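Below you will find one chain, with nothing else, as structure tokens; this is the form predicted on its own, and questions on how it binds or moves follow later.
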Amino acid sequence: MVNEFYMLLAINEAWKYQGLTYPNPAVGCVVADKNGAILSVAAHKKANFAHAELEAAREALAKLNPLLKFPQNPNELHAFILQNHQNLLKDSTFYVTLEPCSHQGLTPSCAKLLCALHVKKVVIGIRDNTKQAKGGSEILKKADIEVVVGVCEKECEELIEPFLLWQKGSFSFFKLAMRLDGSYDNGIITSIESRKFTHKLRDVCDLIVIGGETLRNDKPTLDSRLISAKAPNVLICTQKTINKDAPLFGVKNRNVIIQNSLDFPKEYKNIMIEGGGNFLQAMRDRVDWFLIFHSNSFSSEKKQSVNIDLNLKLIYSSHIGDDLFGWYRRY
């Protein structure tokens, strides 16, 4: 169970950035020294940022030699570590949820990095079957590094399901925020931390989908102002007339689509649906996952609440600010 212990730490770290790494997969990595002491627990945080293995190597080296000053750019970081690792990670073990990449993409090969660090063993959750990146295990084995594949395989497959879906077509998730009593209206519901996380998700989404009821009742802007990032395009699904004076129409560099069907345009790959109970009912069988935020409050005002028969499986949950949030899928 030793391998599973470290791998679960890597999986849990990767889940913190689920949805934020598009178009890359969520990947976690743990580094342990030759005695099994944990040197770092890291994850890929966002496209164009360091891959999980590179970030984990940086954190481990920083712990072993605090005098090292690491660059932020992932390509520069990769080169810096190759020149300054001082064999500090020799005979270490890397536990990574997805097979280290073999190719030079926007960042250099992680498999070749681990070879240069002279690690003893690499434990892998699942193989990378993408055409460009697969083959990392073979590179490691040729460098006489022990490779173990298939540790916590089911959990690692679940972790990268969004990546696999948007590679084949699209991935969509329904985001809902509600109080402990199930209400989802009457002003701000969740903490600033939860709202910032939502804005981070909007920043990497291609499209936000809402219903006409949300537009008329909430008059949302649906931008990413809390993190000063981009605002995605919006699809409004409604059969009624829309008031185009609503704030979301005033956002620059945005395309707003209005249609009377619930179908997603095929050109969009990473789709976020926002709304309340009625829209959830309408979309329940059209989305892949559900992201639900629960605040720790009740409301005494007349309110709308979620009233729907829907059985979900909790995939991952954590606290954020004063709230609890979870990723779910249908049974």
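We number the residues from 1 along the sequence you see. Note that this is a predicted model, so its numbers are computed, not measured.
Note that the form predicted together with a further copy of the same chain isn't included here; everything after this is about it.
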- Query: Does a further copy of the same chain get within 4.5 angstroms of any non-hydrogen atom of Lys16 in the model of the complex?
  - Reply: no
- Considering only heavy atoms, tell me if Asn65 and a further copy of the same chain come within 4.5 Å of each other in the model of the complex. no
- Query: Using 4.5 Å between non-hydrogen atoms, is Met178 touching a further copy of the same chain in the model of the complex?
  - Reply: yes
- Though only this chain appears here, would Leu262 touch a further copy of the same chain in the model of the complex if you measure heavy atom gaps against 4.5 Å? no
- Which of the residues spanning 1-31 lie within 4.5 Å of a further copy of the same chain in the model of the complex, based on heavy atoms? Met1, Phe5, Leu9
